[in-house]
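Below you will find one chain, with nothing else, as structure tokens; this is the form predicted alone, and questions on how it binds or moves follow later.
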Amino acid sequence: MRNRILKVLKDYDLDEIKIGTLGSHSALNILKGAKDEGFETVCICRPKERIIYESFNVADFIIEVSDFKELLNESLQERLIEENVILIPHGSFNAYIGNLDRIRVPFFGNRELMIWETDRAKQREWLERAGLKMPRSLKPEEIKGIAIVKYHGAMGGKGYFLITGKDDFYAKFEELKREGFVKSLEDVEIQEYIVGANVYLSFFYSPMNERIELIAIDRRYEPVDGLGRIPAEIQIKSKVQPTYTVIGNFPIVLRESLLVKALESAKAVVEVSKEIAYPGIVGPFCLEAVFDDNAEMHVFEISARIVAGTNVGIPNSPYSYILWGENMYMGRRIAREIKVAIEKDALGEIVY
């Protein structure tokens, strides 16, 4: 697959490189960052979202599609290749397209690791090989206390639910089957629920600088956060069910001593990524973690691409500013890496 992409890249005019992405998720971040680094930008968007990218003036070229799956069409791919476009993948590539191997347009990053990301068993293998502490994966009969049920893929927390035992799980699972959301137990993962403070650590691995950079930290804002405004008595009577669909994000500055574990974990994850999918992580990735009441870090997911939480770091976060001494955020950091790679004639080292 990578050789096929490098063959396409060989015909690119390096003086005319454009940066493109799907109009969704973190596109404003990506496209603004590209423009800040002097690139022309291409946004592939649906009619209903076009107003966003026109309003913020971040797209030099807008390609309208009725469905994001049109990116699999050969005609659209040829158009992007002719325009020397490098695509920046984000969560919507996994959520709406799926079969990334069918896209011949060069990606910034490692698309094979994005495929690993969509499989929770593969995620667990990756993180455990890196020596990270994870919540236990449970079978229904092993549920004792609170557990959380998650789906595979980039769903933004949609449909996750809490359970307290085997019977509770099966009652909710059978309801999901009746509604057509799942077919079998293989469609979900049951995880031990760690009570603590959730943090989302967004890193960038730079092949050009051969280093890991902490760009921003955030936490998610979800409808479940509104439960605290409802008195317990009313919660019980109404049987209200919390949902974990992500609505937005808050920036976080982590207690400085906790950065040790975060940085060590990122380093271990990058090293293992080189073993499982050459050349390993390129560019942005996110460790999704919870710190318990003993300040122990438990990593429950990894995203092998830019996450929407990095939007809180525009134009910079404390971490990116300390590192760079200028306005730097994930979208711009991606574009800066591409720019340096072009200058070094090393673009082939950062695309897949």
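Bear in mind that the values here come from a model prediction, so they are computed numbers and not experimental data. Here the rigid core means the biggest group of C-alpha atoms that line up within 1.5 Å when the two forms are laid on top of each other. For every residue, the number given is its place in the sequence shown, counted from 1.
Beyond the structure shown, there is the form predicted together with another copy of the chain, which is absent from this document and is the topic of what follows.
Looking at heavy atoms inside 4.5 Å, which stretch does another copy of the chain contact in the predicted bound form, given the options 187-195, 130-138, 97-105, 274-282?
Residues of 187-195 come within 4.5 Å of the partner.
Proximity of residue 38 to another copy of the chain in the predicted bound form, heavy atoms at 4.5 Å:
No, residue 38 sits far enough from another copy of the chain in the predicted bound form that none of its heavy atoms falls within 4.5 Å.
Taking heavy atoms and a 4.5 Å cut-off, does residue 68 contact another copy of the chain in the predicted bound form?
No, no contact at 4.5 Å.
So, in the predicted bound form, is residue 61 in contact with another copy of the chain at a 4.5 angstroms heavy atom limit?
Residue 61: no contact with another copy of the chain in the predicted bound form.
Please check if residue 210 has a heavy atom lying within 4.5 Å of any heavy atom of another copy of the chain in the predicted bound form.
No, residue 210 is distant from the partner.
Another copy of the chain in the predicted bound form: contacted by all of 233, 292 and 323, heavy atom 4.5 Å:
The answer is yes; 233, 292 and 323 each reach another copy of the chain.
Which residue, 270, 263, 72, 81, is the contact with another copy of the chain in the predicted bound form, using a 4.5 Å heavy atom cutoff?
Exactly one listed residue reaches within 4.5 Å, namely 263.
Can you list, in sequence order, the residues from 305-324 that come within 4.5 Å of another copy of the chain in the predicted bound form, counting heavy atoms only?
Read in sequence order, the residues that approach another copy of the chain (within 4.5 Å, in the predicted bound form) are 311, 312, 314, 315, 316, 317, 318, 319, 321, 322, 323.
Core superposed first: is there a CA shift of 2 Å or greater at residue 167 between the shown form and the other one?
Moves: yes, 2 Å or greater.
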